[in-house]
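Each of two forms of one protein chain follows alone as structure tokens, named structure 1 and structure 2.
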Structure 1
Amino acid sequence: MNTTKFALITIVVGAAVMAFAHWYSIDYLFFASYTILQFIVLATAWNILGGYCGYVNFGSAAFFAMGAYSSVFMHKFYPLPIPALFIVSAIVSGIAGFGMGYLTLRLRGSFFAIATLALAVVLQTLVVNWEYVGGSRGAYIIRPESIEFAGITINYIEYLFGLMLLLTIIALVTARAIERSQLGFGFATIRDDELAAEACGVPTLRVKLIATTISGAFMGMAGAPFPYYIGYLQPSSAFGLEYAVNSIAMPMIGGTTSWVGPLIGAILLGSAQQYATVSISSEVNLLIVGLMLVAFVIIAPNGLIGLVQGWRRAWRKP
């Protein structure tokens, strides 16, 4: 199946989801599914660098928060419609991804991971000290009740949900297209053996920088509508632990080698967490995600997809 066909199919599926949600029309459904879609984008973005290229980014929360705070900044500086905010956030986070990559990817692989870990702490320090975007007190963003759209008035949360759905489709189509392109093969050679890739003429640094930029940009885009979604953005929620751990745990649990893994992982973990946050407590649910991450990397290194493939093979053999 080529990319155009796949894109058409996902758009049809997305439109069906949107139509169903609009018909069902419960605000909570939009709130909950928005979060799940946001995690699909984050997990897919993480996987473009982590799964395809083999470089771990621990700073997903930082890139996400960069997107969210770009929106807050634009909101105060010159209010733009949300689709334009996606582009602003993508540029800001993409540049950050490129810069981080440029400084650390020329060295040993683990330096990039360490630098991204520290990046979250430092950006949080900057935001806490930056009064213009609310500092440590946080920033209020008053969300309009509804929005006029081609003559129809739709609920604002539904509008946000629709935009997130669109972003999810773009992220999935991009991830799948990369996987099958020359670029994707370049990523895979780097993941499997960087020295051999370099020797075969893969421009490794350039390819890695493309990966960090795309991955960072998508994480930023996932964060762009977040201030409007939550209404009150403070540093501790934008840099929340759940973004860092979930965007790693979801692809790892789903499977990192293809675009399906992060999607499955995000839907499973995301909906389980939506359920657990309401019924148990948010700390217990994060603990469970952490334990699952540790268990999966030890027991099922290729995630759920790997498990299914293993069973299939075992089924066929005898």
Structure 2
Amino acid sequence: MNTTKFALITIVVGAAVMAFAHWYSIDYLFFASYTILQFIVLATAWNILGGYCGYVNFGSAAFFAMGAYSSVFMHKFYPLPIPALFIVSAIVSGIAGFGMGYLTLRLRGSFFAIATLALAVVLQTLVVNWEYVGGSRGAYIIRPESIEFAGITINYIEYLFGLMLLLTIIALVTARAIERSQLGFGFATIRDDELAAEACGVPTLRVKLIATTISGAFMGMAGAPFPYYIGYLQPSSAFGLEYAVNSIAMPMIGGTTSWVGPLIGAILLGSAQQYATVSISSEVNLLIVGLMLVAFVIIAPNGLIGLVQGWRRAWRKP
């Protein structure tokens, strides 16, 4: 199936999901589904660098927060519609991803992971001391109750859900297109053996910079509507541990070598967390992540995709 057909199928599925959610018109369904879609984008973005290239990024929360605070800045400086904020956040986070890659991609393994974690700490310190975007006190974003779109009045939460659904489709189509392209093969050679890839003439630094830029841009776009979704943004919520942990755990649960893995992992883990939030407390979300990670590391170290592929190979043997 080529990329165009896949994009059309995802658009049709997205439209069906939107119609289903609009038909039932349950506010919490939109809230919960928005969060799951947000994590699908984050997990897919992380997987472009961490799964395809093999470079573990612990700074996902930093790029997410960059997108969120870009929206806060523009809200105070010159208010823009959220689709325009997607573009602004993608530019800001993409440039930051390129800069991070240029400075740190000469590092490998745990040294690179620690450097990305340090980036998150530095950015959080800057935001805490930047009064224009609220500083340590945080910033309120008063969203409207509804919005006019094509002559139709739409609930604002439903509007945010629709935009995040569209972003999810774009992220999945992009990840799948990369996976099956020459760029994706370059990513795979770096993941398998970077020294051998360099010896074969693969421009590894350039390829890794492309990966960090695309990954950072999508993470920033995932954070762009967040201030309007939550209504109040503070550093502890934007740089929350759950964003860094979930964006890594979801691809590992689903499988990191395919675009399907982050999607499956985000749906499974995100749904479990939303159910726990309603039935128990949001405080157990990180516990759920830990338990699922331990279980999958033991049962399926290559994720659900790897587990299924192993079963298929075993089934085909005579």
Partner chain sequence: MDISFDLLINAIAAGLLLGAFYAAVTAGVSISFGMLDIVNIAHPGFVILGSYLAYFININYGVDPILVSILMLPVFYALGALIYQVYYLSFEKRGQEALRGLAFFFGLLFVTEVALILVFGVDYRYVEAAYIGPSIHIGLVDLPLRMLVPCVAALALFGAIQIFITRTFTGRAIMAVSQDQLALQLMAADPIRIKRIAFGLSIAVAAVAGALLIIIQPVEPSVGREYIGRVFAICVLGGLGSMPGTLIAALLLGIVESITATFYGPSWAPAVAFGLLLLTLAFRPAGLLGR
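It should be emphasised that the depicted structure is a prediction, and the values quoted were computed from it without experimental measurement. Residue numbering: sequential along structure 1, first residue numbered 1. C-alpha atoms forming the largest set that superposes within 1.5 Å between two forms make up the rigid core.
Asker: Two forms of the same chain appear here; which of them is the form predicted on its own?
Answerer: That would be structure 2, which is the form predicted on its own.
Asker: Aligned on the rigid core, do the two forms place the Cα of Ala295 2 Å or more apart, comparing between structures 1 and 2?
Answerer: Yes, the C-alpha moves 2 Å or more.
Asker: At a 2 Å cut-off on C-alpha positions, does Thr256 qualify as shifted between structures 1 and 2 after fitting the rigid core?
Answerer: Comparing the forms between structures 1 and 2, which are aligned on their rigid core, Thr256 does not shift its C-alpha by 2 Å or more.
Asker: When you overlay the rigid core, is the Cα of Gln38 off by 2 Å or more between structures 1 and 2?
Answerer: False for Gln38: its C-alpha shift is below 2 Å.
Asker: Check the Cα of Ser282 between structures 1 and 2 on a core superposition and give its shift in Å.
Answerer: Here Ser282 registers a C-alpha shift of 2.7 Å.
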